[in-house]
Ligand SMILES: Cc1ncc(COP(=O)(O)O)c(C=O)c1O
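Form predicted alone, single chain, as structure tokens, below.
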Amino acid sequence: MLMGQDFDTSAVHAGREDFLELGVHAAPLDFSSTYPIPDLEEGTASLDALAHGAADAPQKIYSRLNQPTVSRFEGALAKLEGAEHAVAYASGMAALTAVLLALRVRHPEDARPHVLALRPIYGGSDHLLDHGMTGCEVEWVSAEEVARKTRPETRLVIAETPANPTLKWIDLEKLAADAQGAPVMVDSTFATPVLQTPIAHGATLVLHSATKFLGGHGDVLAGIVATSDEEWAAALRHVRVITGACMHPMAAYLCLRSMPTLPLRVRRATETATELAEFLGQQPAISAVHYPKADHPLLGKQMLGRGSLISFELAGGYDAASALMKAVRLCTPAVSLGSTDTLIQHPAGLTHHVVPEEERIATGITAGMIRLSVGLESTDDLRRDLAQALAVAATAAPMQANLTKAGTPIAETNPAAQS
């Protein structure tokens, strides 16, 4: 980002710095899978450099090693995150897998690298961390336990803020201090660099499911990790070369297309979400609304806005949630988030269904919880759609149910409240 340049300006111009020289007005899209090697000796040296994590080399060799359209997107996202590097992957899950595998590149002496992970986190991430597939020793902790649980051999601390799906915020400066020198990786998908830049608050790595806000239109699958640590960046590229978890150039092109409108989309959706959260808090069919408060101590310090995700709990539990999912007409009942249209989904039955039930309950993911990713529609239209769907849900399930289908108790006297 140029000195004094506003974020909105950078969002428009990042990745376009050489357009005048190239004589183009849209990002070049290179579909090549392989590249000519006019000089064998230089080609061999380039292959060696790229295969071991170099960002560039005199010859591209092969698109798994170096892809110009993907590199352009990486440079643009790094600028918005205030990072020196970014490494893109085929999906957000591929990006997280690469981070965990990079621990083996950086610490080959460790039989099982020790990782602290904070719940709640995206269900797919939880599943990967809990599975053991990557060979890491993963210890689940709360933010308050990080300082006590960090060991000299702890290689990584993983957190998601805002958390999926409870929307709780984590103080990143405190987390980095409590990590006592261990690198901190933050999944900042919900915030985007419009609302939060974790590296400025002590994080080493910032992960995005670029499928969400960065792509922004529900038509791309992608992931990316930003960092200012050169050794981490090299290790992440090394893993990508070996595993082949590459972002497709078309995906990179679509993300570049979406970057100029990112600030506009995020801020507009946040404005609508703020109004909808207040509306939802007044509905008798809802027992709790989870949306950051206007006086949250991290607002204005770490987060520059409250975001466009809302979670709320239905007093009728699972049956009410199921009925509401069927009753919406404008909101799209689908997983994912950050699209131009409003998406509504049931975490316990969908995105977080792979998380052990006892862990879901412990972190506040009830069977009556609904997650709403607010889009760019009219606030009034969204309010009307939710109102009619909530009326259906209230009729379909008793509001004073003692148990949900999943066996999760429903609080009978829990007033709608923001958290």
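These numbers come from a predicted model, not from an experiment. Sequential numbering from 1, following the sequence displayed.
A second form of this protein, the form predicted in complex with this ligand, is not displayed here; the remarks below concern that form.
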Which of Lys212, His85, His290, Arg155 has a heavy atom within 4.5 Å of this ligand in the predicted bound form?
Lys212
With this ligand left out of view, which of Leu221, Leu175, Leu80, Leu343 would have a heavy atom within 4.5 Å of it in the predicted bound form?
Leu221
Tell me whether Trp169, Thr274 and Ser311, taken together, all sit within 4.5 Å of this ligand in the predicted bound form, counting heavy atoms only.
no
4.5 angstroms heavy atom contact with this ligand in the predicted bound form for Met93
yes
Please run the contact check for Thr227 against this ligand in the predicted bound form: heavy atoms, 4.5 angstroms, yes or no?
no
Although the partner isn't part of this model, could you tell me whether Thr189 comes within 4.5 Å of this ligand in the predicted bound form, counting any heavy atom of the residue?
yes
Is Tyr122 one of the residues lying within 4.5 Å of this ligand in the predicted bound form, judged by heavy atom distances?
yes
In the predicted bound form, which of 189-197, 275-283, 139-147, 318-326 comes within 4.5 Å of this ligand (heavy atoms)?
189-197
Determine the residues of 318-337 with a heavy atom within 4.5 Å of this ligand in the predicted bound form and present them in sequence order; the list may be empty.
Leu337
